[in-house]
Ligand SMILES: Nc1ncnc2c1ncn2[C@@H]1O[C@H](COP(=O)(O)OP(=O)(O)OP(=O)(O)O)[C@@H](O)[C@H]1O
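Listed next as structure tokens is one chain, alone, in the form predicted on its own.
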């Protein structure tokens, strides 16, 4: 990527120099043609005009091809890094970050990283080299004109930078956070639209969305005003440079045909400095986006892996002693004792909010152990890598997400390498094979947004089949019968029990019918086996 970026920057600089050469050679050609010399005296300039005109377009195409390829590569790596951070932090380390803001970071903030490379750094590099080349050229003709252009360029660059820093830096820095807030509000409105309409509560949410949109529009308008003021400063400085260059060029020390070259030299730098104005207008936006991504990346994981992890044990029995679980410093449940032998079935019961789901996530090393111990195969899980624990212990939540794609692709989330034979085997174990076999498109049937084309029981069984494809030996099932009617719930529990003894089952539930089927029930309200 670095090589493509350097080569692209070189081509961009050459393209800008070709544009400058086109203007200056054209100025000389027009001045010389006015003297009506023999046409042969003009041939080199005529060819030069054609050369610079063609070169400018060809070099610009090469620059865009290389720099955008490098920028897209950088954006891909940044986006993958954000995905890695999400995997590292979820579910316990995201705090109050809303899903719309996360989408904004993955999309808009990463794209701002492309802008930082292409529209902030690159214009400054190209403009700086272009100024040096033009000043060096003018120094051969008249050192006074060279000093005028150099001084004007330095003052213009400093003025544009200070203008954006002093006038609009705070407003520009608001753009990235406001984009995230707008995405969050829009996401909330769309996802909860049915409930908002049913309760007549849509208007307050729409008003809040309009307010965020208005603040974002105001920040972007201020950004446009800053760009306009910066361009006005560039034109003003260019006008001053043209006047001073005219005074220098018309004192009789230069050949008449070179006067136009000296006078138009400052004009040749208007285009690159216009790009600098746009770059400075975006600097605060890209810096704010970069800070948001860095802050996300530097957020500590809720559960840190040991520096020297122990090897994964051969056994998969779970032993919990004196365990305290919670999301913060204050545990929501403590003193939990639990034994889940290989092939066993244990249920966890308790009041709502009593820590049942928190216990499940702690067993998977998604949340830290607050006190006590959890052993897997006789090894304390704090000595194991989280990914190794989760390769043995799998989790099925109350409302597992079903992607808006085919049944096949939803199942392959559990194992991307699974062939159709394994998919059908998993569906059979989950009790969904007969249903899928009746569908015209079979595994290619689309599930709809959030699994909307499936019933509640079908979605739960699809999620179970996906879990089974992961090859986990211990299954932690959090309220597996939630939102299901009695008949469907009983059938699902029957299929779950049929997974034994090849797999151990830990059922988190408050459903008496589920608890009655367990070998052991652990009550979190008063932790003791019953």
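Rigid core (definition): largest C-alpha set, two forms, superposition within 1.5 Å. Residue numbers count along the first chain shown, from 1. Worth saying up front: this structure is predicted, and the values here are computed from it rather than measured.
Separately, the form predicted together with this ligand exists; it is not shown, and the next lines address it.
Every member of the trio 327, 355 and 398 reaches this ligand in the predicted bound form with some non-hydrogen atom inside 4.5 Å. Put simply, residue 479 is close to this ligand in the predicted bound form: some heavy atom of it is within 4.5 Å. This ligand is not drawn, but in the predicted bound form it has no heavy atom within 4.5 Å of residue 141.
Proximity of residue 297 to this ligand in the predicted bound form falls outside the 4.5 Å heavy atom cutoff. This ligand is not drawn, but in the predicted bound form it has a heavy atom within 4.5 Å of residue 351. Contact annotation: of the candidates 369, 257, 332, 182, the single residue with a non-hydrogen atom within 4.5 angstroms of this ligand in the predicted bound form is 332. Only one listed stretch (239 to 247, 76 to 84, 211 to 219, 356 to 364) carries heavy atoms within 4.5 Å of this ligand in the predicted bound form, and that stretch is 356 to 364. Looking at 503 to 523, the one residue that comes within 4.5 Å of this ligand in the predicted bound form, counting any heavy atom, is 510. With a cut-off of 2 Å and the rigid core superposed, residue 482 has a Cα displacement that reaches or exceeds the cut-off between this form and the one not shown.
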